[in-house]
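Next comes just one chain, in structure tokens: the form predicted alone.
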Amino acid sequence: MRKTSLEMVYELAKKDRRIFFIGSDLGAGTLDRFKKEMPDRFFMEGVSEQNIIGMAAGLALEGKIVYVNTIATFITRRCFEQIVLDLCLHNLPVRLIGNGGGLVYAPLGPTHEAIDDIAIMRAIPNMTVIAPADADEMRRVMPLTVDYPGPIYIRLAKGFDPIVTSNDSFEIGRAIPMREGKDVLVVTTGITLGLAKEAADSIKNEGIDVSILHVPTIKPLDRESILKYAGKVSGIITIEEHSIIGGLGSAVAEVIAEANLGKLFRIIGIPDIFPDGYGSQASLMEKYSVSAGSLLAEIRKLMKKP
């Protein structure tokens, strides 16, 4: 997904001279073709994210469209004030591409695990928050970011994630219905769409019909689609590779509560902790019950199945 995102920046920049790229201490060889072919629009600034946001804001004020890429924790936590004041306050067209949303950087521990990035970004006025499910969806997303108004945060997964979307039309701010069912609605974002599909396929043999709504745009949230599909089922479960506080689950809960639907509701996500232990993304997701198995268990509870 990361490779696809950056390749798309390069392809878009070849067609549009307004597009600039700024990286922060990225690996050698990252976007080499961009650097060689368009050196006046390529900058690698090192570990200085706060300064980079200021640079991006300055370029945007001069009519440029700027894509900034680094590790998700650095691009959200480290330069939060600059994002708020330099970008969002002025509603500038800067696209923040965060590598490793969720538990991707599990081998490096809690300092690099972006478990709160969605919560941080969705709290800022004017910020759009996008979390594609796979590389194919990323290809559909990136062209739409060029002329979209205001700043955008794009959450990247690990890369080489399974392709779980089809050629669904993509529109920023719209949810995508992936499956219709009459019993339980599962709302996903990012790579958890794959977990929802796995669980839905598994539990169908138990006579439980699962509806899946994929929400690649967490802000602005597609309230209309959430309410439409929530109204057809008896229970709703959200699943995300993010803290249970402030992410997709919180956003959907706000919609459900304000509409007074009176539905059974569960949030699956990372508990309100700093994840301890060092391992793989998959091992920590399993440890904190962000898995198809945990989703199956919650579906059974809602349906009161043993």
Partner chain sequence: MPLDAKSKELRRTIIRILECSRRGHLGSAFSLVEIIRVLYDDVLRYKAENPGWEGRDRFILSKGHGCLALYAVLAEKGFFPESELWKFCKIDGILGGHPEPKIPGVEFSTGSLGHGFPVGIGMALNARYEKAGYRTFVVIGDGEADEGSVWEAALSAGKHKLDNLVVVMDYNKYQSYGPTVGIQDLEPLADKWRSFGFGVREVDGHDLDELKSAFSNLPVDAGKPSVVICHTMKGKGIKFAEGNMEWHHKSGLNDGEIKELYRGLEEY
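Residue numbers count along the first chain shown, from 1. Note that the structure is a prediction, hence the values are computed from the model and not measured.
The discussion below concerns the form predicted together with its partner chain, not included here.
The stretch from 246-254, 54-62, 267-275, 27-35 that comes within 4.5 Å of its partner chain in the predicted complex, counting heavy atoms only, is 54-62. Checking E137, D86, D117, E113 against its partner chain in the predicted complex, a heavy atom within 4.5 Å turns up for just one residue: D86. The partner is absent here, but in the predicted complex a heavy atom of E81, alone among E81, E206, E224, E180, sits within 4.5 Å of its partner chain. Of the heavy atoms in M44, some are within 4.5 Å of its partner chain in the predicted complex.
With a 4.5 Å cutoff on heavy atoms, H90 counts as touching its partner chain in the predicted complex. In the predicted complex, at least one heavy atom of R17 sits within 4.5 Å of its partner chain. In the predicted complex, no heavy atom of S280 sits within 4.5 Å of its partner chain.
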